[in-house]
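Take a look at this single chain, the form predicted on its own, given in structure tokens.
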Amino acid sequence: MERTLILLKPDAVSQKLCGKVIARFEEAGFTIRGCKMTQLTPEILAEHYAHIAKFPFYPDVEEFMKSTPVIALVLEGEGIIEKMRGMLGVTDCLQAPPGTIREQWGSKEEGKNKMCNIAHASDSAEAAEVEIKRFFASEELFDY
């Protein structure tokens, strides 16, 4: 069993899509092991997005990710990282395949289509381990 971190981004929260997105995850057979709403700080965002913090577009990403609280989830399932990335579709909503979460609900507006894309998902088992620890204390994760 694998675990992944999902962040339902401000566009999912403001459009009231969180329940629909989470329902898709559960219908796919994934198990919620942790869930909370949190307001992201500049410090946590700088750590989480360290790989893009040097780019000129980073301030826009930070501003967007602070614009509303986000919902952080830890989901578990067989091969979840690869399956989740398939469910979400590629980062660019304009390029996401039909039926994916980002194609269905992500921004189609040029300039926002890569940022306002409903959710972040870990891209590897190694990243998931680091990201889960960044957003969740061990006592906030549940096995049942």
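From a predicted model like this one, the values you see are computed outputs, not experimental measurements. Residue indices: 1-based, along the sequence shown.
Although not depicted, the form predicted in complex with a small molecule is the subject of the following passage.
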Given that the partner is absent here, state which listed stretch (53 to 61, 72 to 80, 22 to 30, 37 to 45) has heavy atoms within 4.5 Å of the small molecule in the predicted bound form. 53 to 61
Does the small molecule come within 4.5 Å of any heavy atom of Thr91 in the predicted bound form? yes
In the predicted bound form, Met115 touching the small molecule (heavy atom, 4.5 Å): yes
Could you confirm whether Tyr49 comes within 4.5 Å of the small molecule in the predicted bound form, counting heavy atoms only? yes
Partner proximity in the predicted bound form: Lys66 to the small molecule, non-hydrogen atom cutoff 4.5 Å: no
